[in-house]
Ligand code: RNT
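Coming up is one lone chain in structure tokens, specifically the form predicted on its own.
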Amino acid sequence: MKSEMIEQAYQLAKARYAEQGVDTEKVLKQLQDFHLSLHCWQADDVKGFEVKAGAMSGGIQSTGDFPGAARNMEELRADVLKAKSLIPGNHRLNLHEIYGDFKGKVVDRNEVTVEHFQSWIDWAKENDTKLDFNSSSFSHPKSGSLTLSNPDKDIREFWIEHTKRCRDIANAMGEAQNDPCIMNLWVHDGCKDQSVNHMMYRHLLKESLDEIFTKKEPMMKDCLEGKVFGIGLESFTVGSHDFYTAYCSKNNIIQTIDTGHYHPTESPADKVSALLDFIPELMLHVSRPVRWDSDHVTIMDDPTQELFSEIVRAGALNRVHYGLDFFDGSINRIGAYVIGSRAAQKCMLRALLEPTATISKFELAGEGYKVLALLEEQKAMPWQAVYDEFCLRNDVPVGQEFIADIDKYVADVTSKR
């Protein structure tokens, strides 16, 4: 009976949107092709599987100690699959290098190879999941406050070698899945207090990146992620947004927009049209900053909706990659995956359901009040009925029904850890 109610609500919504010239069936097909890259570090609070590693550092913090965090690779994989089963569509998995299958051996980060991720590649094939990748410069004895921009040549070359090897791994992942692996490069480099060698640090970072990108890797795509500041590195960030915007533009490299890495009054959505005339593609790391980079679970807030709307309005659906980047250890971690993923999907759905062509015509005709009127009306349109239909067609729980599934998983699995 409930499926009949969902279908009836969808048919009414379909008719409402058709009046505005929007084909909901076309939108549902577009949403089916909208693939998020789920971040592995939500499942275990960014700990990873290294046998020997430094304390958490580099501005990385996960707050809370909710019971049931994944303690090993098997538990993390099970949690990811459980989360995927509650999210409509088919989604990728984004791995950090520290999540390698090191089989109980000490493997330093400048020694990592494809061998340490072969079981991930095999697992991904078995579970119809494509992989993305990240180098890991934080939480290591050689991290300090500077890595790729470190004046100490030995430390700098250690991280250059690490990043080169990560690119090789990403390329192997891309070859195995016959789809380019997106590899994000973020380093925490910066200064806690006032400093005078900014130009030197940035010159060293540029030199390191130039060396890293010398080798062509056809089945992976490089991304560079900037930041305003990091915890413990508040006064100066080497890899700032300005630095990476210039570097990506000059070298035709993808730039990563992390929604938590900007000043609170700055709009990440505005970066879409500002950047895409100069760089090939964009990578998103979608989280929810509260005051600053606190990596709260993504929700349907105005900044997230504005970001996805801008992508659709810019005609950039095929030039943007979509990843999540929050890690909240204070609530059920699988619940966080599902809430954040569904929120991102709903924002994309609402963006796709907007009659943008009609609104654009009014704007170009100088009829601003009609633009505002239609944008306001979209907020109350029955988009939820369309999303419910999307869930139904993908055979996942509709609405809040996923809560019961998660509670059962807690009772059967995570409560016993």
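Nothing here was measured: the structure is a model prediction, and the numbers come from that model. Numbers for residues come from their place in the sequence shown, where the first is 1.
This protein has a second form, the form predicted together with the named molecule, left out of what is shown; the following refers to that one.
Colleague: With heavy atoms only and a cut-off of 4.5 Å, decide whether Asp189 touches the named molecule in the predicted bound form.
Modeller: Looking in the predicted bound form, residue contacts with the named molecule do not include Asp189, since no heavy atom lies within 4.5 Å.
Colleague: Is there a heavy atom of Glu97 no more than 4.5 Å from a heavy atom of the named molecule in the predicted bound form?
Modeller: No - in the predicted bound form, heavy atoms of Glu97 and the named molecule never come within 4.5 Å of each other.
Colleague: Spell out, yes or no, whether the shortest heavy atom distance between Val371 and the named molecule in the predicted bound form is within 4.5 Å.
Modeller: Val371: no contact with the named molecule in the predicted bound form.
Colleague: At the 4.5 Å heavy atom threshold, is Glu217 in contact with the named molecule in the predicted bound form?
Modeller: Contact check for Glu217: no, nothing within 4.5 Å of the named molecule in the predicted bound form.
Colleague: Identify which of Asp132, Asp325, Asp328, Asp79 has a heavy atom within 4.5 Å of the named molecule in the predicted bound form; exactly one of them does.
Modeller: Filtering the options by heavy-atom distance leaves Asp325.
Colleague: Looking at His91, His162, His285, Arg333, which is the one with a non-hydrogen atom within 4.5 Å of the named molecule in the predicted bound form?
Modeller: Flagged contact: His285.
Colleague: Which single stretch, out of 121-129, 338-346, 168-176, 256-264, brings residue heavy atoms within 4.5 Å of the named molecule in the predicted bound form?
Modeller: It is the stretch 256-264.
Colleague: Can you name the residues of 10-41 that have a heavy atom within 4.5 Å of the named molecule in the predicted bound form?
Modeller: The one in contact is Trp41.
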